[in-house]
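Following this are structure 1 and structure 2, which are two forms of one protein chain, each written alone as structure tokens.
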Structure 1
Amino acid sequence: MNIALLGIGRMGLPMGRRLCEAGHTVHVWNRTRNKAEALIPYGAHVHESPADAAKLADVVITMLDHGGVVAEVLFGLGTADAMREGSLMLDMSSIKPIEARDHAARLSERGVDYLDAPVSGGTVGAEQGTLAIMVGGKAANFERALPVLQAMGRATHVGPTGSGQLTKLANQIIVGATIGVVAEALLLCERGGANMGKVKEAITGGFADSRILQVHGQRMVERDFAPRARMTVQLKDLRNALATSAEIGFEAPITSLFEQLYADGVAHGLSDLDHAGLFVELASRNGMS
């Protein structure tokens, strides 16, 4: 297929590489051009504007920071007007469900189909092609998109438009809260005199084991908070979850608690840390290094 990929950041770069390696013709754009040029060795074509990248595409993929940026690229920079009638838009960014539904409606007026398809798995999943892809929209469009999605990971159709983003919010609530619980538990053990690494080893295989314990817990043991997914991204997703909760009349006290903890961490200068850096905020509250 002819694919346009808009947004070549930490996730977009390995996703673009996998699309090229799967044999698709890939047209790319990024606001900072040299990031898009990193895909040239894999056969991608770099364009000066998102509209230029999109005008010949069967499928247009966005992988951008938030809903406001997605709207700007689609409707402010002429991308939607440049897309061919009958083409398919795949928004793989993490945005609010209400924004996804709005974008879908506006594109439908132009004869463009739409799927919201956010991902989980981080840069490692993007590099390995093992992303969990949560897709909302029409089933026929999902089937049509599968050859593209399967180059990047495992896709699941979860319901109508906006459902993919709703599922991603559920994912981020679980991830963000579990990071905080793991951090608090390990810090409690360290304060009490136990070896954090051995505590993690002892818990492994029991009911408290999880991928978060294994991946983020190990980062905590090693004090490795180099950003894979930043604290600010986790905070954005929790705030989107709370906004969606308010929209549908759902009380989310646990999400509210963790939104405040991540917000405090960001306010205390931890913006550029991995989201496992919530450990640093909780350590600081307890006077621990």
Structure 2
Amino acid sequence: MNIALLGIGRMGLPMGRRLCEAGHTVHVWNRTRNKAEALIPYGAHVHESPADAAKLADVVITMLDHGGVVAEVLFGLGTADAMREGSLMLDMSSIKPIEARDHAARLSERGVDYLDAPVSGGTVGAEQGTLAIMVGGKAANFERALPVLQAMGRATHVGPTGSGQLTKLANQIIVGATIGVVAEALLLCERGGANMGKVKEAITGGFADSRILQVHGQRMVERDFAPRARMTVQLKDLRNALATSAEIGFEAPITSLFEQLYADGVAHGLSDLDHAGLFVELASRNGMS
């Protein structure tokens, strides 16, 4: 298939490589051209503008920082106008559900189809082609996109346009909140005289087990808060989730508490820690370190 991939960053680079290796013809563009050139050895064609990359494509994939950048690339830099009628826009960036629905409506006026398809799994998932891809939009478009999506991970069609982004927010709520829950439980044990590492070991494998306990719980035991996903990014995700909750009239007391706790952590100078650094915020409230 003829694919355009716009945005060759930490995620876009391994995703582009996998698309090339799956045998697709891949046209790429990035604001900083040299990042896109890293895909030339895999057979990708580098273009000077997103419109140039998009004009021949059956599917245009965006992997950009936030909704504002996606809107700028699609509607400010002429990508939408360059896309062929009947082609498919596959936005794999993490943006707000309301932005996704807006972009879908504007593309629909030009005869371009749309799916929102944000991912979870990070750069490791992108490299290994094991991303969890959460897809919102029409079922027929999902079927059409499957051969492309399957080169990058496991795709699930979760509902109409915007549902993929909503699911990504749900994912981020669960990740951010579970970090806090695990941190508070481990700190309670340590305050009571137990060995935190042994506590983690004891409860792993039971009903308290989670990816967060295994990965971020271990970071807490080792006091290793070197950033993978930063506190500020987690806070942004929770704020997006609360904004979306407010838009659709949903009361979210749990998300609200965790938004407050991450905000407290950021206010106390923990911005650049890994999101597991919420442990440090909860510890310092208790005079622990």
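C-alpha atoms forming the largest set that superposes within 1.5 Å between two forms make up the rigid core. Numbering runs along the sequence of structure 1, starting at 1. Source: prediction; values computed, not measured.
### Query
Is the form predicted in complex with a further copy of the same chain structure 1 or structure 2?
Looking at both copies of the chain, structure 2 is the one that matches the description.
### Chain position at the hinge linking the two rigid parts, options 126, 149, 168, 220, forms compared between the two structures
Evaluating 126, 149, 168, 220 against the hinge definition gives 168.
### Query
Hey, what angle in ° does the smaller rigid piece rotate by between the two structures, against the larger one?
The computed domain rotation is 13 degrees.
### Message
Once both forms are fitted on the core, what is the Cα shift for residue 230 between the two structures in Å?
### Response
C-alpha shift for residue 230: 3.8 Å.
### Query
If the rigid core is lined up, how many Å does the C-alpha atom of residue 190 shift between the two structures?
Its alpha carbon moves by 6.0 Å.
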